[in-house]
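So this first bit is one chain, no partners, the form predicted alone, shown in structure tokens.
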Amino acid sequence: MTVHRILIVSGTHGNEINPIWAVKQFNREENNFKKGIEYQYILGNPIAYKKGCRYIDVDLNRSFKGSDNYHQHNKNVYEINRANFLVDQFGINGPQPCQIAIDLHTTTANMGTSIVMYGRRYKDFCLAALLQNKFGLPIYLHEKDKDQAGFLVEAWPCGLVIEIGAVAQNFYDPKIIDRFLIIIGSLREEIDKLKKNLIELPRELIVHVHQGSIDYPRDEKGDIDGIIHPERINQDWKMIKNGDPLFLDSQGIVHNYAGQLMWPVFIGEVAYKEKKIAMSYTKKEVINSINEWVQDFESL
């Protein structure tokens, strides 16, 4: 295995400040290069961070799209240019190439500490398996959503999002910061054990596979006309079944879920209101580990 550099990105969304503080605290000389693996730190969206907002023009974490035509038509958009800079500088062909990208995020939803994957790359499965095996973290496998694409970690050969919540935007929470420090500190240790054949992947992964998203109830003007039902709020990762309450509208009417068994995530995430998402639905899937995950990871 020839993993040399891991890109640690914080502040991809400028109002998610806890990972920025965690990286600042962790970024000491003794932590930068150990076990033959270097950490490269970058603040994803510095202007949005300075202004205390999620983004300036568009969501940076939807701006890593590979089409030259896409980049050409959006050349005056700050986040598009920022995404291009990050890939040009730290991408696998850049002057400071990183083989792995870890994108640190917080959420206002009650997601706990979790992993987000995009697609089914073997390298990602290997890294997610290491972290799930060590910490028992739930995994949200986000795939097959044509309305959401261009995520940062997809621009690197291997990459995961670490998502921690619930915490308000622009609010420092020491417990959240400590969780990030634990993950960052353990990541390199786990990879080093894998390099030395001192660790075996678990026999299987449990993942929550994205199935779709649902919007809030809205009135005839398109304004939100319902809140998350009291029985549903803060119940991320917990199963819902046909007939369970989802929303309570302004008339006091309960809107119930209609469908097969699902596990909702990102319930009531504040930043997703503009995307018309009140929550996303997932199905549980058990995926058996295979040797090819490790072999593909070793090719980095």
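Sequential numbering from 1, following the sequence displayed. None of the values given here were measured: they were computed from a predicted structure.
One more form of this protein, predicted together with another copy of the chain, exists but is not displayed; see below.
Comparing 233-241, 36-44, 256-264, 53-61 against another copy of the chain in the predicted bound form, the single stretch with non-hydrogen atoms within 4.5 angstroms of it is 233-241. With the partner omitted here, the residue from Y172, Y78, F85, F135 that has a non-hydrogen atom within 4.5 angstroms of another copy of the chain in the predicted bound form is Y172.
Using a 4.5 Å cutoff between non-hydrogen atoms, G226 counts as a contact of another copy of the chain in the predicted bound form.
Of the heavy atoms in I277, none are within 4.5 Å of another copy of the chain in the predicted bound form.
Residue contact with another copy of the chain in the predicted bound form: K24 places a heavy atom within 4.5 Å of it.
Looking at I177, you'd find a heavy atom of it within 4.5 angstroms of another copy of the chain in the predicted bound form. With contact defined as any non-hydrogen atom lying within 4.5 angstroms of another copy of the chain in the predicted bound form, the contacting residues in 237-265 are L248, D249, S250, Q251, G252, given in sequence order.
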